[in-house]
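First, one chain by itself: the form predicted on its own, in structure tokens.
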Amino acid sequence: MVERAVYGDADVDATCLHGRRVAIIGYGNQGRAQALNLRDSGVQVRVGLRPGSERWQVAQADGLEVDAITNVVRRADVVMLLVPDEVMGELYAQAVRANLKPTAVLGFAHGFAVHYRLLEPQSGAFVVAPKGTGVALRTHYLDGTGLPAYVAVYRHDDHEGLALALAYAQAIGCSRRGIFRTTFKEETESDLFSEQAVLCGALGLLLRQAFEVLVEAGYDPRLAYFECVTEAKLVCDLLVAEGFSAFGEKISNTAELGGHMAGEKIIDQQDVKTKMRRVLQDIQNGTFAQAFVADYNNNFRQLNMYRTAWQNHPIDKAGAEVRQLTQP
């Protein structure tokens, strides 16, 4: 069992990164934010991209040195693979593995590719997973607050790797808020579960069905969007800031009692937990990972069907109208 530790600035040896060259492979959501935060923390950073990548000029405009992936990897002491999960195994095999220095360490922002064996590190490896988007990571770094992060090492007894991971997390601003020790397995499976069972799965469908019920009953779609989607963010922000026990003190008695009563009518708690356990099992046994890779190899046919369905749903049109009316 991994030690359940939480680290702050005082627990980190920043010298672990001194003199080390970091390669950031990919310059998207996380790649850009992490590269800029590292640079501003005094770390030597180079960005590795495929020739012809549209992100090449973006990185150069940000003042970063950019080169082909193979060239950047050859010189790096730490290689952060910050590309989509589905392409990571192929990229590693084609451009990274043969060019790694024997002493180089691999880094990831998510353990998917390693946990499901899309690639297998030949040396040290770690995860530093900021708990937020790249935009939030950069914004909080600049305002001096930072995002919390998870940290894990490929081999549980790799103390040098853990120290390096902590130094990396500090350099991107995460030790200001707290770094939680975990494992590749735990980080990957819990992250996938939260996305599928709540954030990107059940929550979206719940909001959409609530919207449909109001519209089918004759209510203005814009009003339905406000009530079912916009206010969901207000509630979530309040829960995160205050916690569940204090939540009732911040909302009306009408909302609190009505919510408890209606929630029990809508959600069969035992049935939901049974179905959630099935989702978790599919994540744990690799069923979802296999389906994900298969859909990628099929040009994301299933994913694109879901995207099209959302784009054509009236909730998306109502949301666009609401944003146009309310944004300054």
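Counting begins at 1, following the sequence as shown. Worth saying up front: this structure is predicted, and the values here are computed from it rather than measured.
Missing here is the form predicted together with a small molecule; even so, the following discussion is about that form.
- When contacts are judged by a 4.5 Å heavy atom cut-off, R208 does not count as touching the small molecule in the predicted complex.
- Remark: E189 does not count among the residues lining the small molecule in the predicted complex, judged by a heavy atom distance of 4.5 Å or less.
- Contact check for P84: a heavy atom falls within 4.5 Å of the small molecule in the predicted complex.
- Proximity of G132 to the small molecule in the predicted complex: non-hydrogen atoms within 4.5 Å are present.
- The candidate site formed by V73, P102 and A125 is entirely out of contact with the small molecule in the predicted complex, as no residue has a non-hydrogen atom within 4.5 angstroms of it.
- Distance criterion of 4.5 Å from any heavy atom to the small molecule in the predicted complex singles out N29 from the list Q290, N29, Q302, S41.
- A heavy atom within 4.5 Å of the small molecule in the predicted complex is found for exactly one of A165, A109, A171, V79: A109.
- Residues with any non-hydrogen atom within 4.5 angstroms of the small molecule in the predicted complex fall in just one of 246-254, 88-96, 213-221, 156-164: 88-96.
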